[in-house]
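Here you get one chain, nothing else, as structure tokens; it is the form predicted on its own.
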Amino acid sequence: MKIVMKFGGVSVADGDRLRKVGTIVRRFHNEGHALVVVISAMHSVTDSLIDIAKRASRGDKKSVTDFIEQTHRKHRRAAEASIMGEQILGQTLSAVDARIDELKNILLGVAHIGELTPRSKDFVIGYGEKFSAPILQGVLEDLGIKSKALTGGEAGIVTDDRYGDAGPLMNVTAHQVRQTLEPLLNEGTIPVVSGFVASTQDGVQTTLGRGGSDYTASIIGAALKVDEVWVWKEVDGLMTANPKMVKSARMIEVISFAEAMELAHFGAEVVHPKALECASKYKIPFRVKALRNQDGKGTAIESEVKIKSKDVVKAISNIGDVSLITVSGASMVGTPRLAAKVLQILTDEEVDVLMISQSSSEENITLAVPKAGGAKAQNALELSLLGTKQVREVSVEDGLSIVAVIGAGMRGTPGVAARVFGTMAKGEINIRAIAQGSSELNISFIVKKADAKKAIEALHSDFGLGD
């Protein structure tokens, strides 16, 4: 089989885990599979890079120097703990040292100028993956496997210039990825590609947005027309509910891309929705595999929707801490542009909208946003809208959760919504807002955060998901 394997930040958090990743790759390589490995930055490194980029833009050179020392030490320790051979270790450390020096010069340049552009920010925050890829190359070579570390751009991923959330130009990308990676695979070399980062046609580094390493794996999988993309995780696979909330939650063996994307949007942060969308478009089978159970099949994500008898609901998901913003006003009726304006204001403030509900009377629009963005969203909407004639009030309610009931079997099945809300009524759980897409793949609603666990357990039991 030709497989793209993706390993996330927790999987490569230190030297011991990097060595374990190396042994997993060696096992499947020795079994005769042609492998491309996509690797994330070590755990928390990307967040630290974002933070230091902001500090550098404020001229904080001391923070830059301290960060460089800590980051250098972290990656050197990981390399020293995971690579036994002196010669290979020396080569790996030289590669890491060179990239550390590059990053230091860039950050000090930002600090001198006192400005962080989207382009320079992308250049900085992509270094986490550019550190981890050479270390894993060293680990694989230490285990006796030929390997080559490449950035996403070097591997052939070409994007537009929307820095921070670049989109791949798939025709060019497919050609260049095949041209770059297929010769390596044919000679038995394992490419180790740094996820998340890519480049424009002019060679300027871009990033694919948070969760971009999953996206990188899908893009490469589509370009090479691989048999499967495997995403290795600390969990067994996609679950019928969060096992921390529902003890009877079980692993889902097979799920469709459409259902998996709904789960990803509503709190199941196992695979990024963009990665699933890409794999779905190019019909590349996806699989979530468990690091602790290499022989397990994990969860297969496929194009075909498979619905068993009575398999109406596939999973219950939730987003744990949200705020509910309500924009009200009798003059909103018949003002179609107002909803677009509300969403544009929140987009400009970089507030993620998780759910939208509007009454048929058009007198109010209700939006769910992450709690961290609630106050900012309210302030921005009040400043922009309260001076107009259409809007009377902008209110916010905190301490809420979104619960989503997901399953392709709900499509065309009458009475599912009644059953969901009947279960909530039995549990005396009050529902604050409701939304259902025309696809009928999910019913999502908002309850008090204190009631979320009770709601999820009740629905999980009522639909027999633990059976």
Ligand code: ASP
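Computed from a predicted model, the values in this text were never measured in an experiment. Residues carry their position along the shown sequence, with the first being 1.
One more form of this protein should be noted, the form predicted together with the ligand, which is absent from this view; the next part is about it.
- Contact annotation: Arg210 falls within 4.5 Å of the ligand in the predicted bound form, judged by heavy atom distances.
- Although the partner is absent here, Val37 sits far enough away that none of its heavy atoms falls within 4.5 Å of the ligand in the predicted bound form.
- With a 4.5 Å cutoff on heavy atoms, Val405 does not count as touching the ligand in the predicted bound form; it lies far away.
- For Phe286, no non-hydrogen atom is located within 4.5 Å of the ligand in the predicted bound form, even though that partner is not displayed.
- Of the candidate stretches 39-47, 65-73, 420-428, 25-33, only 39-47 contains residues with a heavy atom within 4.5 Å of the ligand in the predicted bound form.
- Contacts between stretch 110-129 and the ligand, counted in the predicted bound form as any heavy atom lying within 4.5 Å, involve Glu129 alone.
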